[in-house]
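Given as structure tokens, the chain that follows is alone and in the form predicted on its own.
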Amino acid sequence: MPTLLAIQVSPRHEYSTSRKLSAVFVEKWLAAHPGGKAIERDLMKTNLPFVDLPWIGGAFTPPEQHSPESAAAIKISNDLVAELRAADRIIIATPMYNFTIPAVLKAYIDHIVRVGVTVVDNVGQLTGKKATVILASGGDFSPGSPIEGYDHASSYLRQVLGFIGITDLDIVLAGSARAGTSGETAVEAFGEVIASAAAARVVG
């Protein structure tokens, strides 16, 4: 059974451009993959801790040496990695904050990039997956834009996901689009692109 993991980042919920476009993606993906299932990981509801000393102890010592604090800290990471491993298709729907990604998404990435787990001898272990990133922004960072070079989120996500083996990655720059009270333009502007990405590469 093919599995889609939809990672939500925006705190704006029903007013969020990235969430609205993600909903289109999930709907079209499920239609294109009969019998498939979609799992949502809402980072605004996950309450992810930042990497701290107990987490480091859990990540870099054998399980039998874990303190109760380290065991609890690394369990969150283990659960997130297992969820990611089980997915065939991944979508990350996120806003851009100050030219890069929100802190909660960075916290998630710090939990899933694990030496000896998702990266072994600098080789990513999560291969064979396809991912799409919906990157919503108030500005236009598309190719040719005067501020194209300010988009540090795209290059970072491509690099860090590639580091753990997810190299088949599409990034949809949903720029200059507003959702909710500012006008429903996001789905109109980018919905066809999102639907096409969702329907592509049907998993057998």
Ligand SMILES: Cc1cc2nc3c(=O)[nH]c(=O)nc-3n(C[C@H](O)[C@H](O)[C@H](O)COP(=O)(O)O)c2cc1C
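Quick caveat, the model's predicted, so the values are computed rather than measured. So that there is no doubt, residue numbering starts at 1 and follows the sequence shown.
From this point on, the text means the form predicted together with this ligand, which you will not see here.
Determine which one of 164-172, 135-143, 61-69, 26-34 lies within 4.5 Å of this ligand in the predicted complex, judging by heavy atom distances; exactly one does.
It is the stretch 135-143.
Ok, I74, A87, A131, M96: which has a heavy atom sitting within 4.5 Å of this ligand in the predicted complex?
Partner contact (heavy atom, 4.5 Å) among the options: M96.
Within 4.5 Å, heavy atoms only: does S10 come near this ligand in the predicted complex?
Yes - in the predicted complex, heavy atoms of S10 and this ligand come within 4.5 Å of each other.
Taking this ligand as it sits in the predicted complex, is S18 near enough to touch it, meaning that at least one heavy atom pair lies within 4.5 angstroms?
Close contact exists here: in the predicted complex, S18 approaches this ligand to within 4.5 Å, heavy atoms only.
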